[in-house]
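What follows is a single chain, given as structure tokens, in the form predicted alone.
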Amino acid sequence: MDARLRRVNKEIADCKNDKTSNIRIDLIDSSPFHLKGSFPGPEDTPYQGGHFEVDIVIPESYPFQPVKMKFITKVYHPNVSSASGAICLDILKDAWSPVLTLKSTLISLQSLLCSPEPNDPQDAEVAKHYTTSKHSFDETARYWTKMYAQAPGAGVTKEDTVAAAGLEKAHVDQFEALGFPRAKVVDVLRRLNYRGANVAQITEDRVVEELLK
């Protein structure tokens, strides 16, 4: 058994034996080098009550090279791509160390949900939302948790595109009433970051100009 396989098997076993962290690591298929990690959303955050899954690929030179991780569960967070699940976290890049483990890295991801870094974003649009209106951002992140991370009592069966984009229904209705398709209105207002204090800075004419493109 090579050193990489021995190390990964030990890490999986250690994680199974640890009943306190709530971190799980499971095989996806027969390969021990393609795994699925999971953890609960941290309490007192918009992710509380959610169950988050992460795709893990172990590179050939592990542990001297960082693991590759991306979220399987859709997450609304400045440091996670809302499209691909890619993660911006220093220990997955140049701050990796061979002393880190799969479990400690997943715990770091869990901590990232508690402490977003909007100045070093993976998703620039989400980061703008976070810095413009934290309250609106929290509501949207909570909605995504209910929609995609199986938060209990979600009661969300069909995606509400307005809530998912973190927009006010009244703003979308206002421009839809001018005859523009709802989906286009949502897309334009999301791109313009038409939220919070920004609304006063963006004229209706500017919005209409974008909608007519």
Partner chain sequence: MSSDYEFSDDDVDNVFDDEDIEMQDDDSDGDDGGDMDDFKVAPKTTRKAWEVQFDSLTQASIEKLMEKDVEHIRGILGVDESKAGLLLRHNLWNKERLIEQYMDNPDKTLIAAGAAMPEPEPPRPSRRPSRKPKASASPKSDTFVCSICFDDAPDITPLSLDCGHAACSGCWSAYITSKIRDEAEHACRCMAEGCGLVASDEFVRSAVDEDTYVRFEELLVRHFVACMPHLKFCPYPSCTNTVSCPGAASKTSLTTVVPIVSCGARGLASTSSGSMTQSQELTRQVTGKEHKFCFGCIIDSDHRPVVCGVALLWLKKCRDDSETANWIKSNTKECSKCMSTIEKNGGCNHMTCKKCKHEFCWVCMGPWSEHGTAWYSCNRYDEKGGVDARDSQSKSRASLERYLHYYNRWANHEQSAKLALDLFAKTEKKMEEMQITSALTWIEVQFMKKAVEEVDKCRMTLKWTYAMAYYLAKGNQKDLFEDNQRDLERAVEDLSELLESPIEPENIPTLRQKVTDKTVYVQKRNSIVLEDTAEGFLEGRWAWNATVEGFEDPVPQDP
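Because the structure is a prediction, the values reported are computed rather than measured. Positions refer to the first chain, counted from 1.
A second form of this protein, the form predicted together with its partner chain, is not displayed here; the remarks below concern that form.
- Interface residue among Ser84, Ser111, Ser97, Asn119, judged by heavy atoms within 4.5 Å of its partner chain in the predicted bound form: Ser97.
- Its partner chain is not shown here, and in the predicted bound form it never comes within 4.5 Å of any heavy atom of Arg206.
- Using a 4.5 angstroms limit between non-hydrogen atoms, Ala3 touches its partner chain in the predicted bound form.
- When contacts are judged by a 4.5 Å heavy atom cut-off, Lys10 counts as touching its partner chain in the predicted bound form.
- Though the partner is left out of this view, Gly41 does not reach within 4.5 Å of its partner chain in the predicted bound form, counting heavy atoms only.
- From the list 98 to 106, 72 to 80, 111 to 119, 135 to 143, the contact stretch for its partner chain in the predicted bound form under a 4.5 Å heavy atom rule is 98 to 106.
- Contact annotation for 60 to 91: residues with any non-hydrogen atom within 4.5 angstroms of its partner chain in the predicted bound form are Ser61, Pro63, Phe64, Gln65, listed in sequence order.
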